[in-house]
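A single chain, nothing else alongside it, follows as structure tokens in the form predicted on its own.
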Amino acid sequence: MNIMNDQKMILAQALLDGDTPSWGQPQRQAARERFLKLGAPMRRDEYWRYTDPSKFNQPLAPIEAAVVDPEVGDSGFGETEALTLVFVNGRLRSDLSDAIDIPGLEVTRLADGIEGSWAAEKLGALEVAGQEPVARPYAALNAALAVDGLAIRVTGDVPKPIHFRYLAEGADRAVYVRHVIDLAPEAALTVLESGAGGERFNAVIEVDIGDKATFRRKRLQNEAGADQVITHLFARLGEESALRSFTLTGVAGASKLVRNEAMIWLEGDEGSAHIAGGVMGDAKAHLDNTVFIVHDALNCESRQVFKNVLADEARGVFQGKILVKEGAQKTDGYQISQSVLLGERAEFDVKPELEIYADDVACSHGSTSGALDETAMFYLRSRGVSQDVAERLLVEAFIEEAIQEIDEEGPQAEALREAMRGHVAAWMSDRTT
């Protein structure tokens, strides 16, 4: 079977076996054509050199609607106060979700229809722009198959985070969910995300951040959930706007494939984008973070900070690119990716890139990989600390730099950081029990 027929088979089976919502039909049809034109990625593609996409290419139908009430359980974010919106099999469940009635915050289900609304214009726009210069066909597939999601418009400073909680019932199926977010000038919103489900989980967020607006996103990827996870964040930043994104990925005792992609455009002067992550994997987990940041305005700043802890035969991947366009003077671009290998067969692959067409910039990247610090380990052991505890303390200290990228103000910030620290400790404990 040739490549094009493979792509048609993936899409056709999904459309045949899943239901086809009535909303957003023009956008869906355009996305189907886009996916067929792009084709699913192959290992020889430049940005899939370190991650085999073949698992993502196995045809799976969208998961059927939930018929049994799931157990929502703990939020995963500790003492953080948030308004929770629960998705089951990719569909919003209002009966399991908090009511949202906050001035300056408009939340609409995509499944309720988007025709004639602002979301009809915004939905898919950033994803389409993000197909250049690197094709992202799984984001297009998401646009074609997502059964629900949210259109969120923010015109004020939302006092509490909005928590997207993803649950699923059923196996050997795929979950597709999509959100489009628009922040008016000077608005502010924090989004929390947790959970996944089905055999495969595919999520896309498009966010347009207006002048002097702030969008914060904190994501937790540590539940049993899906065996294959692929996510995309597309974000455009206006003048003096800010993006802060942090993801903690912790996979214990499983063979999972996770790929998180971010495509960010700094298009207004004095914008700031920080993308950070703590990554922990063992067994045969494969954990990939791929980031592309475009500087296209004056005096903008970007940071990419990723810390990886890999045990057994786990494999971590970091691909980070900073593109500074002509005229984007005074750019400050920083990129660091580091890994600790706890097993002789663990592996970390890194591909940092700088492409610069302006002459007044400060851009840097660095990467390190190795075992835990022998001197520090000896110091702890010589003072009676067991091997397991010493290893845990050193791993926690290593991940802490990424956790410090959580920069919310007030008690919420420390609650989020403490929750992330707790998950790091739990992951280390699971490895030694």
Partner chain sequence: MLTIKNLHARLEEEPDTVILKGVDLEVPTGQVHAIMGPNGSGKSTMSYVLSGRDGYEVTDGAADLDGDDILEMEPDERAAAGLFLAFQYPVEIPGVGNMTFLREAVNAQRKARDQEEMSAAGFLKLVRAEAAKLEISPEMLKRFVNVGFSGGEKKRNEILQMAVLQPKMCILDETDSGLDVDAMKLVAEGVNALRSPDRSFLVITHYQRLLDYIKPDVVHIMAGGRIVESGGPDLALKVENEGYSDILKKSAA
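Numbering follows the first chain given and starts at 1. Computed from a predicted model, the values in this text were never measured in an experiment.
Below, we refer to the form predicted together with its partner chain, which is not included among the displayed structures.
At a distance threshold of 4.5 angstroms between non-hydrogen atoms, residue 58 is out of contact with its partner chain in the predicted bound form. Its partner chain in the predicted bound form comes within 4.5 Å of no heavy atom belonging to residue 34.
Although the partner is absent here, residue 397 is a contact residue: one of its heavy atoms lies within 4.5 angstroms of its partner chain in the predicted bound form. Under a 4.5 angstroms non-hydrogen atom cutoff, its partner chain in the predicted bound form has residue 381 among its neighbouring residues.
By the 4.5 Å heavy atom rule, the three marked residues 375, 385 and 393 all count as contacting its partner chain in the predicted bound form.
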